[in-house]
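Here's a solo chain for you in structure tokens, the form predicted alone.
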């Protein structure tokens, strides 16, 4: 293992901003795995740490191939992480909305440019990321339909679902989209947690990435298990929204099968604890996402259900 500075930005008044990476193997730039681009993505950074620990073991045992180089970047936004801020502290911008970057632009544009220059030529890219709404996901791979996507390759992760969707205009500045445009086969991995560690799904994600590496000949150690992946178009997801704001009590969990008419959650008045609303399922299927905050606004997605075919 080789620790290296992937990108450094000098500071006038404090220590430099540095993005550290951990490199394994030798040969071509085969795969890059990147964790926290936002300051609250603790689970994503933790998954990278598990991956680094396992790759060190595999390297010492001779299970890395001689022609493939692996780069793992646990965190690309240490400033925000230190301040417990999801976005860049000084201006509230999102690094994952700044790609491919601009080296003469604002701070986050420069960071995106410096990072992307180092990782854009990898054959495979895996981003451990989080949703714009705080909540818990079923562990899955997500891809955008850019014309460069390779859904068949995504099956090698062995996760139960591969979600595909058409990009929206703001997606064109994300890492995943730009990786694909630069001919890197890019995948986003979502797990149950973000701001806290969920050990079970963290291990599931780390094993999925190692399984993918084995299937692509990057490591020679077989990773058993996994699922026959189901390809799910995002249009198959049904979002159940709230009509009221208040305290949220959820009654189901991710990967749970639900039925039409089932109560999924209850919203209470935050002053009087009077029940304001029952969130009722309008579909039969599996819970794919559930809101995680204790207080919610009206017209918020509380549960997303993967409809049965």
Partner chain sequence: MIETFASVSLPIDEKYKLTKQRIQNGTSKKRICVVTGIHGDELEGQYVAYQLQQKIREVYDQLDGIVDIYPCMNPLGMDSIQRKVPMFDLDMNRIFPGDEDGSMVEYLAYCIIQDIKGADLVIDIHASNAYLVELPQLRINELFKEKLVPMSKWVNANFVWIHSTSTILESTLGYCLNKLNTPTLVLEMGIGSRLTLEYGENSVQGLLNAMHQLGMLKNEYPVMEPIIGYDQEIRFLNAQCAGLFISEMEVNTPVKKGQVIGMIVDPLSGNKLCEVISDWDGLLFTIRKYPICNEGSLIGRILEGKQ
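Predicted model, so just to flag it, every value in this text is computed and none were measured. Residue numbers count along the first chain shown, from 1.
Not on display, but discussed next: the form predicted together with the partner chain.
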Exercise for review: Consider the chain as shown here, without its partner, and state which of 152, 196, 235, 91 has a heavy atom within 4.5 Å of the partner chain in the predicted bound form.
Suggested key: 91
Review point. Is residue 165 close to the partner chain in the predicted bound form, meaning a heavy atom pair under 4.5 Å apart or at it?
Key: no
Point to revise | Interface membership of residue 18, the partner chain in the predicted bound form, 4.5 Å heavy atom rule | key: no
Point to revise | Residue contact check: residue 146 to the partner chain in the predicted bound form, 4.5 Å heavy atom | key: no
Point to revise | in the predicted bound form, residue 39 touching the partner chain (heavy atom, 4.5 Å) | key: no
Point to revise | Candidate spot 158, 214 and 250, all three touching the partner chain in the predicted bound form (heavy atom, 4.5 Å) | key: no
Exercise for review: Select, from the options 183 to 191, 118 to 126, 169 to 177, 204 to 212, the stretch whose residues sit within 4.5 angstroms of the partner chain in the predicted bound form by heavy atom distance.
Suggested key: 169 to 177
Review point. Even though the chain is shown alone, can you say which residues of 264 to 285 have a heavy atom within 4.5 Å of the partner chain in the predicted bound form?
Key: 270, 271
